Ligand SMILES: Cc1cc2nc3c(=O)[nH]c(=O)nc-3n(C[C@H](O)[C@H](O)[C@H](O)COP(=O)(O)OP(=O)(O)OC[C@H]3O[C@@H](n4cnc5c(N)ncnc54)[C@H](O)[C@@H]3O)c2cc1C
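Below you'll find only one chain, the form predicted on its own, shown as structure tokens.
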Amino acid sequence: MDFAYHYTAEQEAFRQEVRSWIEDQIPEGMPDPLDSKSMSKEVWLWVKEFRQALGNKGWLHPTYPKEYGGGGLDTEHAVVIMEELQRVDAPVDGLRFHDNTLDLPAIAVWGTEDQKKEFLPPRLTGEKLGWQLFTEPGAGSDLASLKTRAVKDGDDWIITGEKVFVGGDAGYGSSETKAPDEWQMGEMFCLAITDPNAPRHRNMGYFYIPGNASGVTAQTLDLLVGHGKRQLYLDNVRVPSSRLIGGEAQGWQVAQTTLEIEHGGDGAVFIRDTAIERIFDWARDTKKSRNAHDQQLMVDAFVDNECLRLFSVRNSWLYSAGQEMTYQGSQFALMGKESAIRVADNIREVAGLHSLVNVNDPEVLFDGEWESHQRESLAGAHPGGTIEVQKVIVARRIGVSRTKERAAPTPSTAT
């Protein structure tokens, strides 16, 4: 069976246009730091300019409507753009560019027309970044137990609370490289309790907070992944009611649209795991590929990743076709989290200690990509819902749990 997608002549011509444009934009020798911790200000500013240049062409978020700053393109052309971006060895990070874009589907589905016109253009064109303020010190897997409060004050809301594992911090490893917060903090989409006396899931709002709002303090967390996640403190932050997405008790429902996409409900056609590519290249060069046991481990890793890619392609087709989905997003998230750990284990068994040598060691291979991959595979089991949470969601959606639920609306199914 042929699982490859065969592009039309017009789509291939578009590919050449995209490839030529990207190559013209990337300076020779542009470094691609594996961790944001070591990203220089110069690289961060180049990423910022590249992101905006892509946005101005409508290629940053190509399937969103042109009237809001998107490209108005179909899925096939969006896939071409993603493939060409991921083909180059530069700090372009797919279509996200160190930006959390999970607010966009929520605004597209739940926002008023005025909110879409105000909030989407600067986000879709890359002018402003996004930060997700969901998780709290005492509310992670059980997100509904959050404590952050939003109190109505006339036409405004006063928000007080604490959020963790937020955004990132470019260059925080050194005062010489750290990018100023005002460069990084754009729009923050935040869940907060609006009615402490209401039932769970009917007691919170989804607020859109400017990063430069008075009362917002960010503290860098130097975690395993090296992305410099933040801990945010919200001290009587005043937000106008025009920045409440959905109703004041609909925050949970709005957040589910964000999470539906975060779990992989929109899929992707192109998933490249360069760590697997490297292990095959290294094994050939070092003759490790002649060992039957190592051969089996490497093939298992390749097959694991290929199966994940096919499920992602399936989700992408369902999403682009406007099909209503149930368990598919969380199924993909579950598979991805477990697959990443298995693949990292296989690479470590084949490459041994070479896979744990970081970029600062003279014996490092592939600029420390393997060592970064080992850390990412562990940390990736938690964001967007742990492995156990994804299993619960799948169970509820296929009807083998005590409760049953449907998938949240997305830009694909809500229009």
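Not measured: the values here are computed from a predicted model. So that there is no doubt, residue numbering starts at 1 and follows the sequence shown.
The protein also exists as the form predicted together with this ligand; that form is not presented, and the subsequent description refers to it.
Comment: 140-148 is the region of 294-302, 193-201, 140-148, 279-287 lying near this ligand in the model of the complex, near meaning a non-hydrogen atom within 4.5 Å. Checking R309, H77, K229, R243 for any heavy atom within 4.5 Å of this ligand in the model of the complex turns up a single hit: K229.
In terms of contact with this ligand in the model of the complex, the residue from I158, A179, V164, A218 that brings a heavy atom within 4.5 Å is V164.
The closest heavy atom approach of P383 to this ligand in the model of the complex falls within 4.5 Å.
The closest non-hydrogen atom of L356 lies beyond 4.5 Å of this ligand in the model of the complex.
Residue contact check for T326: none of its heavy atoms lie within 4.5 Å of this ligand in the model of the complex. Interface residue remark: I81 is not counted as part of the site for this ligand in the model of the complex, having no heavy atom within 4.5 Å.
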